[in-house]
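Take a look at this single chain in structure tokens; it is the form predicted alone.
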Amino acid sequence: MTPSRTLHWFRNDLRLDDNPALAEALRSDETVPVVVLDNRFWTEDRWGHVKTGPFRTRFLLESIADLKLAVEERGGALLILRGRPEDILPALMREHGCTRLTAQAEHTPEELDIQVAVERAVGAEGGQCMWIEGHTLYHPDDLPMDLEALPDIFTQFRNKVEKLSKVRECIPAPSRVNTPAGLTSDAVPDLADLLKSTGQNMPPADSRSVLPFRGGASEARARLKHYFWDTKKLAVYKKTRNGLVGADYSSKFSPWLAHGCLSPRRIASEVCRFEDAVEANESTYWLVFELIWRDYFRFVAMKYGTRLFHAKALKPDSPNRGTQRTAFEAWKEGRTRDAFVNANMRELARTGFMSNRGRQNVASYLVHDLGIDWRLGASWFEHMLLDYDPASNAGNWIYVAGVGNDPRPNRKFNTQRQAEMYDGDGKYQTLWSTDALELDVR
């Protein structure tokens, strides 16, 4: 009898643990796992920035390499291809006799367009697509309201979900991945070759980076173990989370969350285990609170769609902002009149990371002090950030810009006052005071 076969397309779910879409695929007799490097995410956007910059490209390839090893350790193989998913996936289904495709559901415009194209192409071949939720802490079906009724104020949303919703149990990683006989893994693309083909170069490592971030689920688990169990820094998270220097002022989970190397449910589960074994306090709650914020931006994106990415987003009566490129380039390169903003922008340019406190300040400065359209800043963040996530990036930018889910009319940061509060001794600004931009940061 011919075995049933499913093609599983890994998207932003580069893990085996707590992966609902993969678990569905593995219900078949055999599974063909595939990663597709979509060339569209290495093209320039309307503002002239390559969407996926060198730091995130490296992290992605490391995450794929780690996933490949995990699949192979369980007896399987991982296909790694480059091109358009709507071209590659139907061809793979024909080649391997797969009748259905499983993948994590995405809800932001570019990802949805690709999803629609894949479904159309697979359907034309008589196949079935299953888009399965796996990105959020709370499953969308478990929300205590319809998306159309999603509150436009975060606190109202949080109060309802904390009271009326439950986080689903994590799904253990499979002990085996059955792939068709003779299926062999593809090689992970070479970083230098991939960057060169997109007109980019990998900047040299900078010792000032808060962490030597490395992609992959095994690295994510190691970071979780370090932050929760080895150092027990979770117990003081709320007190230290606004830090600027060092590895452990915050969890730093965001790059692994963005690539799906670690699920928010797994983090929340470990928080509960920590609370049982060590202590439960305001800090342990606050980490889950931040995961709920991450959920909220995802659900806001599901509710508003492309509107989230428009200049005036959710506030059509807001003032127009400009696109002054000279001022924008100075902001991008850390050459403004504000030393605190400059330090943060230099850290971003050299490491692909910036603290949450820094992000709020540089965003506010760009929009409210320089009068520049928030979308230019969001585009630069998409290019640079290790932890870029379309919903969170847009959600945070429109919040600070005053065109999003903020009940306050004008959230302008006093960056000098912020520097005094969070870098009173000037340690951070001194660390990043040197010109760190002798590189091509297109």
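Note that the coordinates shown come from a computational prediction; the quantities given were computed from them, not determined experimentally. Heads up: residue numbers just count along the shown sequence, starting at 1.
Keep in mind the form predicted in complex with a small molecule is missing from the figure; the text below concerns it.
The small molecule in the predicted bound form is approached by N396, whose closest heavy atom lies within 4.5 angstroms of it. Contact between Y388 and the small molecule in the predicted bound form is found at the 4.5 Å heavy atom cutoff. At the 4.5 Å threshold, heavy atoms of S355 reach the small molecule in the predicted bound form. The shortest heavy atom separation between E290 and the small molecule in the predicted bound form is within 4.5 Å. Remark: of stretches 282-290, 166-174, 90-98, 302-310, the one touching the small molecule in the predicted bound form is 282-290 (heavy atom within 4.5 Å).
Between the small molecule and the residues Q115, T336, S251, N178, the one pair within 4.5 Å by heavy atoms in the predicted bound form involves S251.
Comment: the small molecule is not present in this chain, but in the predicted bound form one of H139, K238, R266, R359 has a heavy atom within 4.5 Å of it, namely R359.
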